[in-house]
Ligand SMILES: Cc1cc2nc3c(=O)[nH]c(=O)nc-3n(C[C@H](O)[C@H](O)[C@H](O)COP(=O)(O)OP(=O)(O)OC[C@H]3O[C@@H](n4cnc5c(N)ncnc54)[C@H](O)[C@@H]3O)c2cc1C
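Taking the form predicted alone, here's one chain by itself in structure tokens.
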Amino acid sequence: MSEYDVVIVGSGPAGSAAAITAAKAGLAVAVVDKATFPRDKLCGGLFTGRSEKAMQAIFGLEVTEDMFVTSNHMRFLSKGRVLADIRNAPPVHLTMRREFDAMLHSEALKAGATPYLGQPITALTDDTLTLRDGIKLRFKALIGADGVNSFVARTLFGRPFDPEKIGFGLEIETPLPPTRDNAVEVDFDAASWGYGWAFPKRKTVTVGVGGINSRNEDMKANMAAYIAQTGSDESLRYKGQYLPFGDYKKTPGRDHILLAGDAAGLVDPITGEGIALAMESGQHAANAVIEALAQGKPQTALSRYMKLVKPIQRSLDQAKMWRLIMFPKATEGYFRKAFERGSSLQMKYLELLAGEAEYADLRGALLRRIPKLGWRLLKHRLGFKGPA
């Protein structure tokens, strides 16, 4: 049986960030993933300024033309009707997760992590992990970064997510039409309590819809309508996956076993930002383990981690508050009109999407709108149809 200071389950952005951080600190690190790399991953591939900063800080990597497409052209729609077409927006980058995740995984191995790939986990105890081929790995701490359907989370809590709160997304990778511009498109009404996205890459466009699963009875119908709206290839088979959509785990682990990235539910329900939060939480989890093991107290890893990850959780709480303005029937029209007018709300949203602003920066815009929003909610409750 091989023994490690920390075993990391999953080698996407969260797992690779945890692995490289722990390995550089001198820990004996194993990385376990049921897939081999490169592998596909359902994700729009939006890479914000926040993601760029995290990648630079953790991996020492820069945004390069061979891995990323950069655009400062944003187009926002409501069921195909253009709300705003902005050609000088704060820039965002777009990447293919197949190549991007493989790059991060490679960096983790260069730092000294030992890979165990292509084998799913069959058993997990407090100090031992067993793979399908019978290999057993003993650990002092473990970080579960194994996605929304996390085996580690299921082992700890009985289920990986709350089915009433989880999101679900469908996606295709359609050929890039020669006449298409490089606009990053978001349609706020392609799904209920969610949105549609069309993100241009070098040779393809990633087209998808996602929203809270329990509020979308027929996501395939939403997807078919959005594919027709975007003029995408209707013959392509959909890829589907559950999405955390802001339903994070308030206690992301137990003692010396931690959860990071999608496994911890760390995805922004408004912007879809998940890559940055994955890298940041993976680094935080590794640092918590490093400190706990240095003190000879691996059981304190969770309490240390919770302090580090708290700002991310607080940001997601604020995102969920904004979701209550953007998506309910009583207020969605107000948000769309404010966005269409080119208000400060529009610019703040652009900065948020680009990773140049935090939800706290939107607080003033929200406070100025509370009286009118309150009146709209009251009218909706009373069934009043008069003017605002």
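Quick caveat: nothing in here was measured; it's all calculated off a predicted structure. Throughout, we count residues from 1 along the sequence that is shown.
The next section is about a form of this same protein that is not shown, the form predicted together with this ligand.
In the predicted complex, none of the heavy atoms of residue 96 sits within 4.5 Å of a heavy atom of this ligand. In the predicted complex, residue 121 approaches this ligand with a heavy atom inside 4.5 Å. Interface residue remark: residue 101 is counted as part of the site for this ligand in the predicted complex, having a heavy atom within 4.5 Å. Shown alone here, residue 243 lies within 4.5 Å of this ligand in the predicted complex, counting heavy atoms only. Between this ligand and the residues 252, 160, 196, 274, the one pair within 4.5 Å by heavy atoms in the predicted complex involves 274. With the partner left out here, this ligand still marks one of 81-89, 291-299, 196-204, 225-233 in the predicted complex; by a 4.5 Å heavy atom cut-off that stretch is 196-204. Along 133-162, residues 145, 146, 147, 151 each place a heavy atom within 4.5 Å of this ligand in the predicted complex.
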